[in-house]
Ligand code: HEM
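Presented below, as structure tokens, is a lone chain in the form predicted on its own.
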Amino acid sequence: MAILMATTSSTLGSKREPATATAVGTRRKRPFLLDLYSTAVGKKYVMAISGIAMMGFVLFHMIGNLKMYQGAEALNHYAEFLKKLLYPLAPKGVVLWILRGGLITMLLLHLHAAWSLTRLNRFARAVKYQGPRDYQVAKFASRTMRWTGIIVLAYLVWHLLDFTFGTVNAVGTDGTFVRGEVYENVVRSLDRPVVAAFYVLANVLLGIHLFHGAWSIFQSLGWNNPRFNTWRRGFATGFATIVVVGNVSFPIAVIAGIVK
């Protein structure tokens, strides 16, 4: 009995040491934004914010290109103006490349968030619906969102190769791509019927993507009160229509000889 009491007293009086180092180890906390992005809600916010940024770019890019209807001097002057943003406060072309870098960042975030959400949805619903429920509930724009996004991405790559780098554009009179002749490059490119048809098709698909994206933005941000559904649909339809009509008018105008 004395031995048992002594043992118990000794055990209570001593401090217990952790069994392993992990018991007292502290896990480094991730930054708030990364922690938020790891959730489905965070990914939806990224999708919405990056989508808004790219929607703004698409709209203003189309508006700027409307100067094509004012002639070569107006469009070429506009292109030169973009290179001189904040010049001479910033070196010529630097601000434009900063904006391009920001746009590319938004695009990459948008693509990664879309891919991540697709994986989350697939894991959350491992078994597909056995009936026509998907096709009754989902609209055409939402069901084709993935494919229109892929085609629009391919269109963006072609657009850069065509008008920015000139590797797929019709060459100038001296046999080389003339970087400063924006108006002439547009006419030389869109004057090819196959290229013009591709631009028309790509912009129609862009409009479908924009319609569903503009509609989904409000839901992703939590602003999806049913009372505003009519307004949301009107905004999505109007925005997509303006962009598509403006962009599609360019190849049609060139093929029709209105712009030459």
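Note that residue numbering follows the sequence shown and begins at 1. Fair warning: this is a prediction, and the values are worked out from it, not measured in the lab.
Although it is not shown, the form predicted in complex with ligand HEM is what the next lines describe.
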Does ligand HEM, in the predicted complex, lie within 4.5 angstroms of each residue among 55, 211 and 241, using heavy atoms as the measure?
no
Contact segment among 226-234, 203-211, 29-37, 42-50, judged by heavy atoms lying within 4.5 Å of ligand HEM in the predicted complex
203-211
Contact residue in the predicted complex, from 111, 79, 168, 72 (heavy atom within 4.5 Å of ligand HEM):
79
Taking heavy atoms only, is residue 121 within 4.5 angstroms of ligand HEM in the predicted complex?
no
Does any part of residue 103 reach within 4.5 Å of ligand HEM in the predicted complex? Heavy atoms only, please.
yes
Using the partner position in the predicted complex, report whether residue 155 sits within 4.5 Å of ligand HEM, counting heavy atoms only.
yes
Can residue 68 be called a contact residue for ligand HEM in the predicted complex at 4.5 Å between heavy atoms?
yes
Does any residue in 150-164 get within 4.5 Å of ligand HEM in the predicted complex, counting heavy atoms only, and if so which ones?
152, 155, 156, 159, 160, 163, 164
